[in-house]
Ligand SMILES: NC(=O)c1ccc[n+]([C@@H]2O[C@H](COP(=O)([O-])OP(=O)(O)OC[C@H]3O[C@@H](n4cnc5c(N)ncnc54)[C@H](O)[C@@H]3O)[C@@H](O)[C@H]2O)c1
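One chain follows as structure tokens, the form predicted on its own.
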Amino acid sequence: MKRLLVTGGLGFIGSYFVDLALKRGYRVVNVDKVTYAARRDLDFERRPGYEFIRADICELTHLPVGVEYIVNFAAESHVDNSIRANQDFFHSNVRGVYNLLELVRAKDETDQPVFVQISTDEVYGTVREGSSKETDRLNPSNPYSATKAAADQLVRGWANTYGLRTIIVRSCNNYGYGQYPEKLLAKTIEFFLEGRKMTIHGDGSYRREWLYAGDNVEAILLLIQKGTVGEIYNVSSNEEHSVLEAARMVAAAMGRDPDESFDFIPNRPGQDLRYSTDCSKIRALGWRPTRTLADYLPEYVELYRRKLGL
């Protein structure tokens, strides 16, 4: 089976991908620098076909032998953190991608892996009507999405100039167990379990598409199997809720009064009003999301209770 180099495989979405790839018989080399957001509840080390390299992607000096694909999940991703301290985002999201691309370019053309860049729908910026297509202009609104857009442009530039084989995957807002509790749903569940009110930026009306991480990584693995090199693919659920609506769904799932569960705080700078992407290209390959937010929330809450021993 194929040997994959996965970066950021201890992070939220990356860990779902590593788990799926190992279950499907792929061999996985996981490169992760083990940041604050790395998961500590994984059993990968005990599973066949798994290798681990603790390293920052900016500091890698060579790629393992026999790798057919690089799947780059390694990134700083929390928008609030990017506004407060953007240097880490440039380091990981831009310089890290540059280093990986150069390591691929340095290999003999017959031994160069396909580079799969995991991007985000946030690179399109606010979409007031309709849905963004892969060919639409990038219009990032904050340091996080700007660094991800810059990485996409590097990938495209290295593909066009140096002939690297690449695929870019732009996924919408992911959720699932294992997400670090700086993100909305995980943070909301933790706050409620602690008896606290959740904080909501502005009036909570900005809208997002919500995609289960397990469905997202199924799409990414499908693109390794059937995707066209050189293409960009949006991956989205078409399940759209405002931030407040999603948080109220958590409150309802936990038996809290949604009208007494939130404190509203000033909006953050660069707030996008709505994301929506057209994912007809990936759906044409046979992919469909299998879970909805309402379907998953009771399981999510129960997993959190077990984690905290409640």
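Treat the numbers as computed from the prediction; the structure is a model and nothing was measured. Numbers follow the displayed sequence, beginning with 1.
Here the subject shifts to the form predicted together with this ligand, a form of this protein not shown in this document.
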*Flag Pro289 as yes or no: does it have a non-hydrogen atom within 4.5 angstroms of any non-hydrogen atom of this ligand in the predicted complex?*
no
*Within a 4.5 Å heavy atom cut-off, is Thr35 in contact with this ligand in the predicted complex?*
yes
_Is it the case that Ala151, even though its partner is missing from this view, gets within 4.5 Å of this ligand in the predicted complex, heavy atoms only?_
no
*Tyr300: heavy atom within 4.5 Å of this ligand in the predicted complex?*
no
_Contact residue in the predicted complex, chosen from Ala75, Ile200, Val104, Val116 - any heavy atom within 4.5 Å of this ligand_ = Ala75
*Only one of Thr120, Ser82, Ser237, Thr166 comes within 4.5 Å of this ligand in the predicted complex by heavy atoms, so just point that one out.*
Thr120
*Sort through 126 to 134, 225 to 233, 140 to 148, 200 to 208 and report the only stretch with a non-hydrogen atom within 4.5 Å of this ligand in the predicted complex.*
140 to 148
*What residues, if any, in 156 to 185 have a non-hydrogen atom within 4.5 angstroms of this ligand in the predicted complex?*
Ser171, Cys172, Asn173, Asn174, Gln179, Lys183
